[in-house]
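Here we start with a single chain on its own, the form predicted on its own, put down as structure tokens.
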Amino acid sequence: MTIELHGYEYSVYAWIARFALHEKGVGYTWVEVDPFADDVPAAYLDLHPFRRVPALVDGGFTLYETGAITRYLDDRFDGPALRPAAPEARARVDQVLSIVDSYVYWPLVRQVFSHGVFAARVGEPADRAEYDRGLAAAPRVLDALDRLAAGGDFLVGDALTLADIHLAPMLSYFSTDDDGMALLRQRARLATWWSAVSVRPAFRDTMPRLPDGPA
């Protein structure tokens, strides 16, 4: 049965799900859904009543919430394990996933990236105050992640985990802003990790192609 992943092409969370699918070696069909449109199909709202992305369809099984999707993919399919077996390492991965959702997404993506990069590229107005608030909050977030980073190519242990898969797309969007990239480079362990994860084939192959800007 073919896996379907429903998502919006620029959604960082849809990117996370695609990244996980590629790392697991799972084929899938992409179904584009714009959650910001006025006419989101009723069939999609049956999959995701909160009008967000992504949503996964695996035969008769449907699932939304990105963390649930990536854990399901790890449990459901063969391929490299994306969560460590040791309780301490597994807890660290879960901690990073929680940090990503609770403290990374809003300032680094919704504020810095959205208002510092994306709005201009799609010809929409940006809110400089929102950007400034996100940039001001970023050092605390990056410092916390830098302290947790293992100091090598992976955030936790010696193999790729869901911690890497969930954080990398967020920091990719953040680092498209010049000030964001400068802040990232100031954190040695995080910068070392970023240099490794940002060249992984699965990461590069699933990276959204951002618009160049208004004509």
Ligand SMILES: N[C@@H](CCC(=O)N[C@@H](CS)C(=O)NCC(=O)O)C(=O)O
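What you see is a predicted model; the values in this text were computed from it and never measured. One rule holds for the numbers: they count along the sequence shown, beginning at 1.
Only in words, not in the display: the form predicted together with the named molecule, which the text now covers.
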### Query
Counting only non-hydrogen atoms, which stretch in 70-78, 103-111, 138-146, 86-94 is within 4.5 Å of the named molecule in the model of the complex?
103-111
### Query
Can you pick the one in 162, 155, 53, 56 that has a heavy atom within 4.5 Å of the named molecule in the model of the complex?
53
### Task
With heavy atoms only and a cut-off of 4.5 Å, decide whether residue 13 touches the named molecule in the model of the complex.
yes
### Message
Within 4.5 Å, heavy atoms only: does residue 65 come near the named molecule in the model of the complex?
### Response
yes
### Query
Though only this chain appears here, would residue 36 touch the named molecule in the model of the complex if you measure heavy atom gaps against 4.5 Å?
yes
